[in-house]
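Take a look at the structure tokens below, where one protein chain is shown in two forms, each on its own, as structure 1 and structure 2.
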Structure 1
């Protein structure tokens, strides 16, 4: 449905987007994952024509847009990281405003508005000023606003940043419903735990693809073993001991009370470690991202 190939964008000496390629399919959630400053927002702005690319191509249904960005924007709902709601207007007044901007027919505006507010759980708050909404409610109102145009493609830039856990769960329930309707959803996030809810993932580091693929496929084909170690003594001393084993090609990092260890080959080197528990487990997307992120050398 939507694809980019070899996108490049530099700001002076900074290569914000450095040869990024990926495709997003109908009825799927494509996750663009990376740390703050990785280039996720810049990629979205290039796709929408808000920033001029240096080179590369954007495709809709396998056909290059050749600079005709209306082919993208006419079918896309875009939710930037900071969506501009009018805080002094009520939920309903905001919806009316955005419906008028998107030229929703008068005859269907009320029915569509009410249906979207009901779908996102915002109908009981229709008379509340947007400025008095919680972070999660603001994001659901923003989503309702972009859905007024009935877009085929949704581009969502970190939509759950600053949102409470319950609202994040509710948000992804809506995403799942939209996916079942055949929407193409492209979402940027720095949160690898919520990336697990996607279908396809693109790991971005300093403007570059470092790994991409179907989430199930990436997990099933991950080349390393992972162990979780609960040290018997000081966690930093144990980490120092592990890092001193130069003969072992491994990645170690601390997560809470545990040390996580990613490596290939024989696990015998762990036998001498003083630990309350050493347990093998399946790596999460966060573990996988850290593995590939640490394997990339800067130019």
Structure 2
């Protein structure tokens, strides 16, 4: 549906976007994951024509847009990191305003507005001032507002930053429904536990694409094994013991009462460890991201 190829953008000497390509499919969630300042927002702004790119091309349904950004914006709903709601207007008045600037026909406006507020669970709060909403509710109102234009593509820039866990769970339920309707969803996030809910992922670091693909494939083809160790004695002693095994190229970290251990090759070195339990488990996307990040860190 939406694709970018070899995007480049430098701000003076900083290469904000350094050769990024990916494609986002209909009915799928594509996650753009990366640290603060990795270039996620810049990529979105380039796609929308808000920042001029140095090089590269944007494609809609495999055809290059050739500078005609209205081909993107006509079908896209964009939710920037800080979506500007009018804090002195009510939820409903905000929706009316956004419906008007998006030229929703007057006849459809009321029905559409109510339907969207209903689906995001905001209908009971329609008379509340936007300024008096919680972070999670503001985010749902912003989402309702961008859905007014019935976009095929949704570009969401860190939609869940600062949002509490319940609202996040609800937000992803809505995403699931939108996915089923065939929307193309592109979402930036620094939270890799959330990225697990996506279908495709693009790991961005310092403007560069360090790994990308289907989330399941990336997990299945991950070259290292992950073990979870429950030490029998003091966890810090066990960690010290593991770290002292110089011949083993492995990465260890503590997570609660477990030591997590990521390595490739033979697991024989674990045999001598005093543990109540050693279990292999699937690495998380966070483990995977940090693995690739370590691989390129010293560039």
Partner chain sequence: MIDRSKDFFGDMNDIIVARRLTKRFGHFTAVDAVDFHIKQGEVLGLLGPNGAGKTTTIKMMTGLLRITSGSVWVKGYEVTKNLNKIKKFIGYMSQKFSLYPLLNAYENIEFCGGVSGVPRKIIKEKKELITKEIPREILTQRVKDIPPGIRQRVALFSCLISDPEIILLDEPTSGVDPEVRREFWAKIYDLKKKGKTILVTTHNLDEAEYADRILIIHKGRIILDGEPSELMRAEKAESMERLFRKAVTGHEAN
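Positions refer to the first chain, counted from 1. Here the structure is a predicted model, which is why all the values come from computation and not from measurement. The term rigid core refers to the maximal set of C-alpha atoms that superpose within 1.5 Å between the two forms.
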item	value
Number of the structure representing the form predicted in complex with the partner chain	2
Exercise: are residue 157 and residue 212 on one rigid part between structure 1 and structure 2	yes
Rigid-body rotation angle between structure 1 and structure 2, smaller part relative to larger (whole degrees)	17
Distance moved by the residue 267 C-alpha between structure 1 and structure 2 (core-aligned, Å)	2.4
Cα displacement of residue 230 between structure 1 and structure 2, once the rigid core is superposed (Å)	5.2
